[in-house]
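Quick heads-up: it's one chain on its own, the form predicted on its own, in structure tokens.
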């Protein structure tokens, strides 16, 4: 049971980093990114490709950063000529294109079979102790991301992001470089997303295109909406709540004697129901944004 709790905590912390990343884009800058999972995939495939070419974890992390910077800049470039809604559709399309490439480039990515056998980052001779060390690293990365984003959004730059979100034309009239703001926010948000993917790959020891389905992006969106758009603490709490609910689904299946198909179906119900329920009943989320305050 302790190993299961550790697994849930590790996955929740990894997804909390993704939720913080998406919240920085959508909650503060108004950038509706439906391709968030592609940023995560840059980190996972960076680790996997480095392993498949007999390179070390540092090379995998560096490759993931290079890939995520390229994808983030591509996302930002699209924002120059597209409105928010169309930009969201474009990011979703790019995410699906990258997943299709990962599925079909068998010689590079392993195709639909993916790349397995990725070594754990910390080989201590005991799987449990290695996972405990990895969890400590993931938790430290999450805390560092939270503090960095909190400081960023409470600065003058954070005010410019809110202006970009609320009144982009007014921001342009005040002389703000909207393209520059989009590039900077996308790059800032992309780095922890790639780090989350890199740690995820070494935790599960497997990377495949099934991890990059668009539905995974909407899992992250559910976490942000449940927690509260524009709230860093809300993004983290939302990730914990959603992951805990996912973890309880198999127990509910066994308790009520339901078929195995119930698990996947219930996961989709939680995603869709959580989004719709909070959008209708509590659109501000569990921890609402506080303009001009100190709330995280």
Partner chain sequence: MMVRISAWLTVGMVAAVIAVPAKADIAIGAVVPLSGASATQGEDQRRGIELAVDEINAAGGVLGQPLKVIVEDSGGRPPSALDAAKKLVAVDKVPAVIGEYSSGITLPIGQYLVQEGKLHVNIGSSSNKIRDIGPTAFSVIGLEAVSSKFSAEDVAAQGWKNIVIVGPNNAYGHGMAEGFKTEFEKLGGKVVSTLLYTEGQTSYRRELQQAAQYKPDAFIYSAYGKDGALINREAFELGVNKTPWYAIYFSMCTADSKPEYVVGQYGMDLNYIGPDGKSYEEAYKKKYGADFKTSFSGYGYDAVKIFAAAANKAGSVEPQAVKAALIEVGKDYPGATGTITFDAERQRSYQPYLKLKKTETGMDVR
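Remember, predicted model here, so these are calculated numbers, not experimental data. Numbering follows the first chain given and starts at 1.
Below: the form predicted together with the partner chain, not depicted.
Undergrad: Please pick out the stretch from 189-197, 155-163, 127-135, 141-149 that is in contact with the partner chain in the predicted complex, where contact means heavy atoms within 4.5 Å.
TA: That would be 127-135.
Undergrad: Given that the partner chain is not shown alongside this chain, does residue 7 nevertheless sit within 4.5 Å of it in the predicted complex, heavy atom to heavy atom?
TA: Taking the distances in the predicted complex, the answer for residue 7 is yes, it comes within 4.5 Å of the partner chain.
Undergrad: Would residue 61 sit within 4.5 Å of the partner chain in the predicted complex, counting heavy atoms only?
TA: No.
Undergrad: At the 4.5 Å heavy atom threshold, is residue 122 in contact with the partner chain in the predicted complex?
TA: Contact with the partner chain, no.
Undergrad: Check residue 73 for me: does it contact the partner chain in the predicted complex (non-hydrogen atoms, 4.5 angstroms)?
TA: Judged by the heavy-atom cut-off of 4.5 Å, residue 73 is well away from the partner chain in the predicted complex.
Undergrad: Between 168-205 and the partner chain in the predicted complex, list the residues on our side with a heavy atom within 4.5 Å.
TA: Read in sequence order, the residues that approach the partner chain (within 4.5 Å, in the predicted complex) are 200, 203, 204, 205.
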